[in-house]
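What follows is one chain in C-alpha cells, specifically the form predicted alone.
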C-alpha cells in the first residue's frame, strides 16, 4: 500500500509541470524548498532539542550567497553554486553553534532569534554588496550552457535536489550521527556517560541544519528572482518551527508533510495576513495538545498493527 501511494506521488510529481498552471508549479517548488529547510531544522531540533528561531537568517545567507556567486562567478553551474551556499551557511552555523553550546531552553531560543535580526541588519548595512533594501537581482540558475529560466526547469532542479537531500537525511538518521543525536535527545547526561561527545555532535547538528537551509536558500533565490531583506523576517522562522512540530519532530517524512501543509495554508491565507499569527498559534497549541507526535506520529499510530 505504501509503495503504491509513493509511486503515485512520484508519477504525479514528475508530470506536475505538464498538468498544472504555472503558479501551482511555482507553489510546488516552494513546498519542496520549505521541506528542505524543515528537514534541516528537524535534524537540529528534532534530534538534539535545540530549538532555533533563526533559520530565516540561514535561508537569507544561502540565498544571497547564491545570488552573489551568480553575479560574480562567471556562470557558475547550479550544483557548485548550491554547494557554495551550503558550505558558507554551514560555516556560519558552526560559528553560531559553538557559543550556543552553553545555552539551553529559552536562552538558546532568544539567541537564535537575535541571530535572525542580525542577519537582516547585516544585509541592510552591507548595501554595496547586497544592494540593501533596494533588492538584489538573482541571475538564472545554469546547467552548463543552459539557463533554467522556466518554472518547469526550476521545478525539476528543486525536485532533484530535494530527493538527494531526503536520501541523505534518511541515511544520516540511520548512521552513527543519527544514533548519537538520538542519544543526546533522550538524555545528554546519559549520552556523555556513554562516551558521546555531546558538544561535538551538537555543533555538527548545527552545521548540518545550516547546510540544508543554505542549499534551500539558493533554490529560493532562483525561484523568486529578486532578494529583499523583508522576505526573511522572524515570521518565516516561526513558519519553519510550525512545519516540524505539525509534521512531527524527528521525522523526515513528517518534515515534508508539515512543509506542504504550512506552505499551502500560507498561500490560502494570503488575503488574511493580519490573522496569520492567530491561526498558526492555534495550530501549534492544538498540535501539542491533541497530536504531540505531529502528523507523522498520528500516521504511525493509525498504521501500527
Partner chain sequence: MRTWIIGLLVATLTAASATPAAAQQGVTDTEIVLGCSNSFSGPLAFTGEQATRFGVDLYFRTLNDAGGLNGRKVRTVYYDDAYKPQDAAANTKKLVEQDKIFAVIAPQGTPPVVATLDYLEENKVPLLFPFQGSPITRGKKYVFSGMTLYDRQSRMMIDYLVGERKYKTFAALYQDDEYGKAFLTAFEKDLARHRLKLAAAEPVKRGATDVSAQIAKLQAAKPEVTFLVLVPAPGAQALKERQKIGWTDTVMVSAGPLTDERYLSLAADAAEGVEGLSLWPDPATSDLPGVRQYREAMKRHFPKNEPNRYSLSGYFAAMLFSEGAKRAGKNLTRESLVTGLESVKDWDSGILPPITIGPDHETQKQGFWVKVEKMRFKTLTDWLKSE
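Numbering follows the first chain given and starts at 1. Quick caveat: nothing in here was measured; it's all calculated off a predicted structure.
There is also a form predicted together with the partner chain; it is not shown, and the following applies to it.
Per the 4.5 Å heavy atom criterion, the partner chain in the predicted bound form is contacted by stretch 230 to 238, the sole one of 73 to 81, 163 to 171, 208 to 216, 230 to 238. Checking 91, 148, 224, 159 against the partner chain in the predicted bound form, a heavy atom within 4.5 Å turns up for just one residue: 224. Although the partner is absent here, residue 14 sits far enough away that none of its heavy atoms falls within 4.5 Å of the partner chain in the predicted bound form. Using a 4.5 angstroms threshold between heavy atoms, residue 126 stays clear of the partner chain in the predicted bound form. In the predicted bound form, the partner chain lies farther than 4.5 Å from every heavy atom of residue 176.
With a 4.5 Å cutoff on heavy atoms, residue 143 does not count as touching the partner chain in the predicted bound form; it lies far away.
Contact residues in stretch 23 to 37 (any heavy atom within 4.5 Å of the partner chain, taken in the predicted bound form) are 23, 24, 26.
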